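The chain that follows stands alone, in the form predicted alone, written as structure tokens.
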């Protein structure tokens, strides 16, 4: 009988990475504090948006308008429920579809310019979305915003999941949404498509000479990011029960970018997750201090620390392999699996 050898240098890091995930799943069992659960829920919203940014960056493009797609998703779902009388569930899925279609249309046009021009156009697009939301009074209620309802209860036999009674259903809905997004992005990352994305960012000219159609793959990444960012925006609006033009503007797009960079854009899933959760949790608690501008100071300081103390192009998640090489006393060339693997 053949005994399978267990490589503990691979297994132990994976077990350690799974521990915080298990803790997150069971947090509502030990604590039903609305503040604690709400912070984690909102962190999940930014995790999804940061993953979308990281995917676009993986193709060599720097988007400065990701919050616009959150706004599109939020407004789409809010308008469908408030103005057209749809229930939450179909409106939520339509929000992602609408956001993805707009991302496809915008991407097919602006991704032709590329580089810094693409960043400027996406930044302008975010402002256009905000201005339209503010001025289309008859549709968006302007500066007053829309007040979308909570999701309808889910009835499973004699068991009912009521979103109005507690934030726990929102919590597990967000856990599921982050899990699905992570799974999709993880599969893309390890597929041929993910390899193509990486080659575009690594060397655009070489990729073109190998017959890769840059525009096609950049539009795919931009559209997929738009779909999931739209889902995040729809959830965000219904959880807060309000969506206004001032909730998702330029500063929110900058936050998404910073979360991805601090976490580490070398990882499509783990980097944005670490960066978004860490910065969101810290910003919430630090914002309670009587210090003006502490929120912006935190984000700016985090970027400076990462750029100064970590090698170029790396983030906090890249310390993972370095830590385990130290633990196992292995040389730098020894390959420790990343959390995404």
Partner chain sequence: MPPAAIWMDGLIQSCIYMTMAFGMVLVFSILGILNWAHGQFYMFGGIVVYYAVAAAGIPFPISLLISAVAVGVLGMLVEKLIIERVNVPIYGPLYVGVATISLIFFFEGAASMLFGMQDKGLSMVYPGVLDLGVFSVSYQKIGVVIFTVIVMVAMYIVLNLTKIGLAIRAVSQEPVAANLYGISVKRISVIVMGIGCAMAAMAGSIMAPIYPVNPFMGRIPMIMSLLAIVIGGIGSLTGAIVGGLILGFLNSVIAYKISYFSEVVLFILVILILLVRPQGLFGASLK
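Numbering follows the first chain given and starts at 1. Just so you know, these numbers come straight off a predicted model, no measurement behind them.
From this point on, the text means the form predicted together with the partner chain, which you will not see here.
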**OP:** Taking 4.5 Å between heavy atoms as the contact cutoff, choose which of 240, 143, 113, 97 touches the partner chain in the predicted complex.
**Re:** 113
Subject >> Selected contact from 294, 284, 278, 27, since only one has a non-hydrogen atom within 4.5 angstroms of the partner chain in the predicted complex >> reply: 294
**OP:** Mark residue 147 yes when one of its heavy atoms lies within 4.5 Å of a heavy atom of the partner chain in the predicted complex, and no otherwise.
**Re:** no
**OP:** Would you please decide whether residue 257 lies within 4.5 angstroms of the partner chain in the predicted complex, comparing each non-hydrogen atom pair?
**Re:** yes
Original post:
Given that the partner is absent here, does residue 43 sit within 4.5 Å of the partner chain in the predicted complex, heavy atoms only?
Top reply: no
Original post:
Hey, in the predicted complex, does residue 86 get a heavy atom within 4.5 angstroms of the partner chain?
Top reply: no
Subject >> Partner-facing stretch of 70-78, 180-188, 118-126, 162-170, counted where any non-hydrogen atom is within 4.5 angstroms of the partner chain in the predicted complex >> reply: 118-126
Subject >> Sequence-ordered list of residues in 18-36 near the partner chain in the predicted complex, where near means a heavy atom within 4.5 Å >> reply: none
